[in-house]
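In the form predicted on its own, a lone chain appears below as C-alpha cells.
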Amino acid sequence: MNNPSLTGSKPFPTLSGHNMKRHLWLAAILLLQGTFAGADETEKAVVQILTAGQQPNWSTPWQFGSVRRSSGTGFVIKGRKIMTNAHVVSWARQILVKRPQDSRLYVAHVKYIGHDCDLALLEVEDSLFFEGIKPLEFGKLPKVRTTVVTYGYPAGGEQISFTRGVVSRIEMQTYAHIGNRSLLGVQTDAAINPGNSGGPVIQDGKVIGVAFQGIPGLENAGFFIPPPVIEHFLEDIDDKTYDGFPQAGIRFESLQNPAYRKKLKLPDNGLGARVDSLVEGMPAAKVLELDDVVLKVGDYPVGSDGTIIYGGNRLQLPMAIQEAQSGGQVPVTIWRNGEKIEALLPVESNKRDRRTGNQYDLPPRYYVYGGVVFTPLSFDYMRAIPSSSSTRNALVYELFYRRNEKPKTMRDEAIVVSRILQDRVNANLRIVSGSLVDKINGKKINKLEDVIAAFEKAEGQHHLIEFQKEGAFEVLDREEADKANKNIARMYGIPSDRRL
C-alpha cells in the first residue's frame, strides 16, 4: 500500500552515512549564505558620518569655540536620503559620509532637521554615492523582550559594528539633545556607544529604531528612537517644512481619590485625569477649563493616573497628543459638571519655551553698548556661566519658574548683562554678570530690540540701566559711550555691535 502524501509534494529521499553529512553541510552553507546576503544588503545602507563642528560661546556671543571633529552613523532610506540623529550634525561646518568598504568621502548637507526628536535627513551632493545601495525600510514598534541588532561605527572605528540585545522597556524619555522634551523611547541592553548615534536598530530585516542616547552610569542600557517618532518626523516634512511635535499646554493631576471621584459624580472605574492648570497662550485654554476631567484622548482611554495604554505599554498621556501634527486637532472626551462632553482639542508645536532647552541652528542674539554686553537669558547661557554665580538663583527662577507662578509678568525674552568689556567709559560700573535688566531710560525691556531702541532713542546726557534686583541700577555717560563703542569693538574683536 502506498503512503499518502500532500498534493504536489515529493517523498523525502532516504540518506545515510557520507551522503547525510554532505547534505547537512550544504544546507548549513546555504543557510549562512542567505543570512549574510541579507546582512550585506543592510550593511551597505549603513554609512559613517564625519563632521567638523563649531558651537557658539553663549557668554561671549559673537565668538565661536574651536572646531571639533566627531563621527556618527546614518543609514539610507527611500528618496536618496540618509537618516541620522540631529545631534550628529548640529553646528556642523562640514559633513562627510563614507560607505562601508569604500575609501572615498562624499560631501553631504542637512536637508531637514528636528531637534526636538533628534532626527535629521541628509542629502549627498554626488548621486553616485547611492549606487548599489538598497534603502532600508521601517518596521513597527517592537515588543518588550524581543531581540534587536544595532548597526554603527562606535568610537570612531572604521569597520561597521553589530551588537545584539533585548528590548527591555518602552516609555516616554527625556531627549537629551533638546533637553526639555519627552518623547517615546525604547530601552535595550544592546550596547549603544558614542559613534553609534544615528545608526539603525534592526528587527526582522527592518528598521525599528534609530540609536541615539545612553544614561551615564547605567550599564547595559541604551536607547533608540522608535517608529512612531520616526514616522511623525517624516510625515511632518511632507510640506517641506519641519514644525515639530505638538503640545496642548495642559498639566494633569491624578484622580485616584475615591471620595473626590464621588464628589465629581465619576464612576470608580480607574479612568479620568484632572486638568490642574493650563499653560498661558497654548491652545488647550480655548477648549478646556480647570478641574475638567479628561476621560479619553483620541482612541485612548485615560487612566486615573494620567496614563494611556499604547501598543501594550502604559505611557504618559502626552503620547496620545503627540500622534497629531502641529496645527491639528485631537478628539477628547471630558467630564464637566457631571456630564460628558465631546470636543476637538487644538495642538501646536510650542516655540515659547525654546530658551529653556538646548538651542541650535541660530547663534545667540546680542547687543554691545559702552562695553556692556546684553543677551537673552537661555539655558545655553546658564550652562556657560560658573555654577557659583551669585545671580544663578534669580536666573533659574526667571527661566523655569516664573512662567508657572506669575505668567502675566513673563517677558518675551528676559535680557541679561552677559559681561562687561573693560574700558574707561565703564570703569566705575559694578554690574554683576548675569544681572537681569528691567528698564533702560525708563523703557521696560521685554526683548533685545527694546534695549537697542532705549539707547538709540535717548536724548539725555546719561543712560540709566535698572535691574530686576530691587533698587539696583547703573549709569553710563551717553556721549562718552557713543565715542567709545568703535574702540571697544576693535579691542575685543567684535565684528558687529549686534546680532538679531
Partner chain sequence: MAFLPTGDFDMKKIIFALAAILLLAPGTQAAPPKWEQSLINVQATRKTYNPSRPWSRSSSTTVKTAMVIGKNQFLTTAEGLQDLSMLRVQKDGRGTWWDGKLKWVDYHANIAVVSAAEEEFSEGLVPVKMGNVDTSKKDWQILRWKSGNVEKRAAEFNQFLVQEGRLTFIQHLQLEASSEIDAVGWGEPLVSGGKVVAIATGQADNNIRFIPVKFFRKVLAARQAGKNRGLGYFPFVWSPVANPETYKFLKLDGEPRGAMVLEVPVIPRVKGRLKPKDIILEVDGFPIDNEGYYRDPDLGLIIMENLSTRGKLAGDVVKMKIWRDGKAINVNYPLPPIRYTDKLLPERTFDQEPEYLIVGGLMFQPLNVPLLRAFGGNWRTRAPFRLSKLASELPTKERKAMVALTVVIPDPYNLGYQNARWLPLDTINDQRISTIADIRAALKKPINGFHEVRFMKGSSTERMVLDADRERETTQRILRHYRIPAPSFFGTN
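Numbering follows the first chain given and starts at 1. No experiment lies behind these values; they were computed from the predicted model shown.
Form predicted in complex with the partner chain: not shown, discussed below.
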Please state whether every one of the three residues D291, Y397 and V475 places a non-hydrogen atom within 4.5 angstroms of the partner chain in the model of the complex.
yes
Students should find that, of E405, D238, E131, E339, the residue having a non-hydrogen atom no more than 4.5 angstroms from the partner chain in the model of the complex is E405
Would you mind picking the one in K81, R99, R274, H177 that has a heavy atom within 4.5 Å of the partner chain in the model of the complex?
R274
With the partner removed from view, which of 283-291, 347-355, 222-230, 109-117 is the stretch that lies within 4.5 Å of the partner chain in the model of the complex, judged by heavy atom distances?
283-291
I'd like to know if G312 sits close to the partner chain in the model of the complex, meaning any non-hydrogen atom pair within 4.5 angstroms.
no
Answer yes if any heavy atom of R430 is within 4.5 Å of a heavy atom of the partner chain in the model of the complex; otherwise answer no.
yes
Proximity of D438 to the partner chain in the model of the complex, heavy atoms at 4.5 Å:
no
Flag E43 as yes or no: does it have a non-hydrogen atom within 4.5 angstroms of any non-hydrogen atom of the partner chain in the model of the complex?
no
For a quick check, can you give me the residues of 226-263 that have a heavy atom within 4.5 Å of the partner chain in the model of the complex?
R251, E253, S254, Q256, N257, P258, A259, Y260, K262, K263
